[in-house]
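Presented as structure tokens, the chain that follows is alone, the form predicted on its own.
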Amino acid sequence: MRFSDFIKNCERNEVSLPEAILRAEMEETGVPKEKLKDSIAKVFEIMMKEVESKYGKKQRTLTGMTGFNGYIMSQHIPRMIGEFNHIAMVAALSMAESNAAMGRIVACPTAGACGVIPGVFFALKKVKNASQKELLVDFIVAGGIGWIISRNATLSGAEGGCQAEIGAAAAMAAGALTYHFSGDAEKCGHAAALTLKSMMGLVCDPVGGFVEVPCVKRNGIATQIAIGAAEMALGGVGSVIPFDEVVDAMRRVGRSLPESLRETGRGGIAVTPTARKIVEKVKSNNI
């Protein structure tokens, strides 16, 4: 299944992108549509409940390297970004820190990238007053984009670097945002492609192997990339390279990354002098 297949199904059967995604899932799994929608709604409800409860809160993580960033940003009065972007960033930081604090999260698409989707959806709800019904439809679009990436590339940082986790989450978020404001399937593909191209080659280099640094802040920043890509797509800026081809390129780039840059903690910022000192301190505190 490719994103272009979704587009063809939309045109051939005169259905919306979410409907085309649901039909493809039904064919793949054999699960009836209403049961699929109920399952999606339950997952979405958990995600929104958790982001609501963790938004801007201080949290105690395993290492103490993070846990305060969501709170800090919630207290900050933005100088450059608007309310929508600010709320999305705070929510993303808060959920990523919840993951680091062993809290309940929805891995969308992974635990390490769990802040991006709830970040933009929380902003849609709080700033744009999006209804539950509207958000569920957008969530299906996000899931469809993630499904395409998982089938044709990977969502694993260990396999494809952080481009496969944070990059995929941001592409999903950009597609969902674009659908919310336009209902245009082709523009969703452009938004996802613009996002993934912008994050191509991003390495996975967690300090000490913990999903805290740089993972938490990457979640926050990825919301801004997703929002920017969605805004460009909504404005009519398209991706020269189709989304399906961008996914293929991401897969090839992931395979070419050395093992040290694929979640092993043996490359990138994970081997800087400061990172090594932090890891030694964490180890000594846990002995």
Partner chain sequence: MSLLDVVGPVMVGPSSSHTLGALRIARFAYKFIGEMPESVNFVLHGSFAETWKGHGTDKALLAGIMGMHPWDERIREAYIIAKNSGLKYKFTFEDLGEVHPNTVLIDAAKNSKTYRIMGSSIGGGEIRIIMINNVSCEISWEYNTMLTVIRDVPGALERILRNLTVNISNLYLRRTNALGKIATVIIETDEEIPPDDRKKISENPCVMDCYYVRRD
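Residue numbers count along the first chain shown, from 1. Just so it is clear, the structure is predicted and the values come from calculations on it, not from any experiment.
Keep in mind that the form predicted together with its partner chain is not shown, yet the notes after this line are about it.
Q: Go through 142-150, 69-77, 195-203, 182-190 and give me the stretch that gets within 4.5 Å of its partner chain in the predicted bound form, heavy atoms only.
A: That would be 142-150.
Q: Are any of the heavy atoms in L124 no more than 4.5 Å from a heavy atom of its partner chain in the predicted bound form?
A: L124 lies outside the contact set for its partner chain.
Q: Does at least one non-hydrogen atom of K128 fall within 4.5 angstroms of its partner chain in the predicted bound form?
A: Judged by the heavy-atom cut-off of 4.5 Å, K128 is well away from its partner chain in the predicted bound form.
Q: May I ask you to state whether Q163 is within 4.5 Å of its partner chain in the predicted bound form, using heavy atom distances?
A: No, no contact at 4.5 Å.
Q: Could you tell me if G208 has a non-hydrogen atom within 4.5 Å of its partner chain in the predicted bound form?
A: G208 belongs to the contact set for its partner chain.
Q: Would you confirm whether the three residues M48, E52 and A229 all fall within 4.5 Å of its partner chain in the predicted bound form, going by non-hydrogen atoms?
A: None of them does, since no heavy atom lies within 4.5 Å of the partner.
Q: Out of I221, L257, L234, I40, which one falls within 4.5 Å of its partner chain in the predicted bound form, going by heavy atoms?
A: Residue within 4.5 Å of the partner: I40.
Q: Would you mind checking 237-256 for residues with a heavy atom within 4.5 Å of its partner chain in the predicted bound form?
A: Residues within 4.5 Å: none in this stretch.
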